[in-house]
Each structure stands twice: as C-alpha cells, then as structure tokens.
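For reference, the chain that follows is the form predicted on its own, supplied as structure tokens.
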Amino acid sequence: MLTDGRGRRITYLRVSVTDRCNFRCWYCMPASGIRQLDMAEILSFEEISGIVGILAEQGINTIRLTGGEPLVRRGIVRLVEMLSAVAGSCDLAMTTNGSLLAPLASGLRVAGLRRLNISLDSPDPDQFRRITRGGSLADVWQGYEAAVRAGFTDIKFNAVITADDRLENQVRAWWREIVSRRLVVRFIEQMPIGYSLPAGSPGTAGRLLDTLAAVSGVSPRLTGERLGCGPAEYYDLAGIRIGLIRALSHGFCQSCNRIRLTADGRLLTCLADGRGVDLKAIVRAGGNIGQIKDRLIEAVKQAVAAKPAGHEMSGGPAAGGYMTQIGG
C-alpha cells in the first residue's frame, strides 16, 4: 500500500494522456495556446498501462483519465481496453469536455470505462463560447446524450466557478438545466494554476451558495454524503443535489488520496507542486521488467513519502504550468 509521510493512504491516480485540447478555456491555457509536447515526449499506451498496472498492485484502486482533452488522443478506446486488462479491479473513469464524446461513448463503455465527468462551465451558449473561446455547446450535449444511450449512469458535470460578476448568470443558466435534465453538477472553485487570480477572488464558494439560494429559492443543506472518490461536498436543494469543490476556501488536503501521472511521464503528488518524479526516464532507461518494476516502485514510494501537507495555493500562480499541461 502507498502511504505518505503523514499517514494518508494513496489510492487515486489521475492519468493525463495528452496536453492537447480542442478548447481554449481561459483559466486552463492562454489564448495563444501552449508549446505542445512532441509525441516522442508523451508516454505511449504501453508505457501508461505498464505504470498503471504496477501502481494498481501497490494499492491504487481508482484511475481517472484526463488531458488536456483525453478524447483527442488517437486510439483512446484501445488505451481503456489495455487499462481494463491490467487494472480490471480498479474504478476506471474519465474527465472530458464531451465535445468529441458522441462517436466514442459506446466504444469506451464496452472497453471498460465505468464513469464519466463532463467539464461544462456554463450551459448558456454565449457564456460557453466566451469561456472556451469558440467551443460548440451542441457537441457537448450530443456527447452527453450518447453517453446516456451507451449505458453510463454515473455522469457528473464539473463547472469552474468564475471569479467575476458573471457568476449569477452562470448559476442561473445551470439551475435551469439541472432542474429540467436532473443533472448532478459540481461547482469547482477557480484555482491559480498557471496564473494569478484577481485580488480578492480566492474562495468563491460562499458567494456561490448565496447565489444558489437566491436563484432556487431554497437554502442549500449540507448532506455529508460522498459520491465517488473525489473531494466534493454535496448540498440538497429541495431534492436536487449540488456538489461543491472548494480547494481554496475549505481545503481538503488533510484527506488527499491522489497522485498524478502527467502526459510526459512525471509523477506529481500535488496539483500545485510542479517538480515531480520522472517515471518515463526509468521506463525508457532499459533493463528487464523486474529491474524496471523495482525502480519504479521505489521512485513512487519516495515521491509519495515526501507528498506535501497541503497545496499552499492562495491567489498567486502554482508551480508546474497551465492546467492542460499538468492534467486537470
């Protein structure tokens, strides 16, 4: 079992399969984009599945595929099949923007993907285009509907809470969709990954709860339940469930159970710590499988043992680059 220096058991692995994305969300990357990794710099499917298989033996029981946008990685269904083969007992999930999901949903389900989160910051078309810098909202809804037809039943939506005066419009648009479609939405506090937040903006959860109460006419009631393996707290609004992930105003680092594998093969033990351990170098250094496995396990254990107590994010930019480079 993987346990860090503070006694936290590590059971959750987020795997970024690419740094590329077909959106340009303003909080995730600059409008000009980023320097994209060459394919030679990115872990192959065989390397990813090899590392994941070893980590599953060490106690990882939840694996979530991320990006960038994971569905832009060619052959992603085959990767899901490979991960299902080496870590079939793990809960295999994916976070996607949903825009490329429609033709792939059925194949992903058959390959062994169990759960989906769809990142959608606003269901208002104009606000969506502004946030994504030109994304198609219709494609996202088509992807969601295809996923439902494919048999995915545990679909959650993630919406980053904007730290500006448009929050009320964002919440009103979401409330209409939540009521009409009976969706589960988790609102996520904006985090300073790759840039600084405006002065006074960190920790917008309180303002969100006030806005939800005003929009719905119901006072949100904390339920104390947990859905899945994430840190979301859930509130009940007259039978409607709303999730809230508030890393800044109500940190949950003391119970953090996750590590991250970046697309270029670095193991990160904290979202805000960009240093990491280069597992790709170990995999590509050569040697028999036993030697590679032993070196990987030792490197992972050393990194986990040094996992920081907390992210130490406030308003300034965290280390490690933009979110699309780290893996959301």
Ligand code: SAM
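Position 1 is the first residue in the sequence shown; the rest follow in order. Quick caveat: nothing in here was measured; it's all calculated off a predicted structure.
What comes next is about the form predicted in complex with ligand SAM, which does not appear here.
Trainee: Go through 263, 28, 51, 259 and name the one with a heavy atom inside 4.5 Å of ligand SAM in the model of the complex.
Mentor: Exactly one residue meets the criterion: 28.
Trainee: Within 4.5 Å of ligand SAM in the model of the complex, heavy atoms considered, which of 137, 147, 191, 113?
Mentor: The residue from 137, 147, 191, 113 that makes the contact is 191.
Trainee: Does ligand SAM get within 4.5 angstroms of any non-hydrogen atom of residue 160 in the model of the complex?
Mentor: Yes, residue 160 is a contact residue.
Trainee: At 4.5 Å between heavy atoms, is residue 2 in contact with ligand SAM in the model of the complex?
Mentor: Contact check for residue 2: no, nothing within 4.5 Å of ligand SAM in the model of the complex.
Trainee: If we define contact as a non-hydrogen atom of the residue within 4.5 angstroms of the partner, is residue 95 a contact of ligand SAM in the model of the complex?
Mentor: The answer is yes: residue 95 has a heavy atom within 4.5 Å of ligand SAM.
Trainee: Is there a heavy atom of residue 84 lying 4.5 Å or less from a heavy atom of ligand SAM in the model of the complex?
Mentor: It does not: once ligand SAM is placed as it appears in the model of the complex, residue 84 has no heavy atom within 4.5 Å of it.
Trainee: Heavy atoms within 4.5 Å of ligand SAM in the model of the complex: which stretch in 85 to 93, 213 to 221, 232 to 240, 183 to 191 meets that?
Mentor: Selected stretch: 183 to 191.
Trainee: Taking heavy atoms and a 4.5 Å limit, what residues of 43 to 72 are near ligand SAM in the model of the complex?
Mentor: Heavy-atom contacts to ligand SAM in the model of the complex: 66, 67, 68, 69, 70.
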